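Presented below, as structure tokens, is a lone chain in the form predicted on its own.
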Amino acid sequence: MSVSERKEREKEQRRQEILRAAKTVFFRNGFEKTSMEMVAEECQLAKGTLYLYFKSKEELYLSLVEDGIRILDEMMEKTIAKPLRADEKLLALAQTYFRFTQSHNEHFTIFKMIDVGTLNGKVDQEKLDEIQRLRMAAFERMEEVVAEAIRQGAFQTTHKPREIVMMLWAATFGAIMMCADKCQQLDMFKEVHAEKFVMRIASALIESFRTANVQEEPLGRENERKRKTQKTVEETEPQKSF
């Protein structure tokens, strides 16, 4: 191994050490209360050394988000590769997402700390665009599974694949949050088996698409805009006298 190769490997090892320390500090203190000094102390480095690898706390946070997305992406890929029907695969993906939130709880918590949009202007736009691309890639992968379920005749619904994924993701995320240790709002959730609860909700929603036993009106704002336009036309039309 050449000197340059060894230095590059050592640099990457140091970067990973910083990310591991940052993950611990962000998880423990939250985004707003975390500082670069705290991360430097956690990984026993000088603050100046930290800035050689990451320009700011925001960039460090974004790198952790990116790592978490890639971990989830790998888990989803393995699930999609399983020999299951498309509708069964969709349910398995909901379970994969739940298990990611449990086995990689620090990454999941970091996802929730701050919306990527609030980092505009604070980190390189190219980095933000890459995060958004990765987030959408996971969403689109689920869309493909839903589209396949529709082609196979497993879903008898007029909802578009994207709408189905949005509903399933929202229901799954909401159920996970209600059962989370730090997010329990009511005592009734304290004794609930989290995975069973999440999967029961996901199963019920997926079953509704199999039977079309759901509200079939599109989720977009098109109908609302049409109604407003029609109302405006009716109000401005001159009244006929007889």
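All residue numbers are counted from 1 along the displayed sequence. It should be emphasised that the depicted structure is a prediction, and the values quoted were computed from it without experimental measurement. So that the term is clear: the rigid core is the largest set of C-alpha atoms that superpose within 1.5 Å between two forms.
Unshown form predicted together with the DNA; subsequent notes refer to it.
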{"property": "Non-hydrogen atom within 4.5 angstroms of the DNA in the predicted bound form for each of 82, 136 and 141", "result": "no"}
{"property": "is_contact(residue 65, the DNA) in the predicted bound form, heavy atom dist at most 4.5 Å", "result": "no"}
{"property": "Contact label in the predicted bound form: residue 41 to the DNA, heavy atom within 4.5 Å", "result": "no"}
{"property": "The DNA contact at residue 195 in the predicted bound form, heavy atom, 4.5 Å", "result": "no"}
{"property": "4.5 Å heavy atom contact, residue 200 and the DNA in the predicted bound form", "result": "no"}
{"property": "Which of 200 to 208, 50 to 58, 66 to 74, 171 to 179 sits within 4.5 Å of the DNA in the predicted bound form, heavy atom basis", "result": "50 to 58"}
{"property": "Neighbours of the DNA in the predicted bound form among 5 to 24 [non-hydrogen atom within 4.5 angstroms]", "result": "6, 7, 11, 14"}
{"property": "Shift of residue 49 between the shown form and the other one at or above 2 Å (CA, core fit)", "result": "yes"}
{"property": "Large Cα shift (2 Å or above) at residue 122 between the shown form and the other one, core-fitted", "result": "yes"}
{"property": "Large Cα shift (2 Å or above) at residue 67 between the shown form and the other one, core-fitted", "result": "no"}
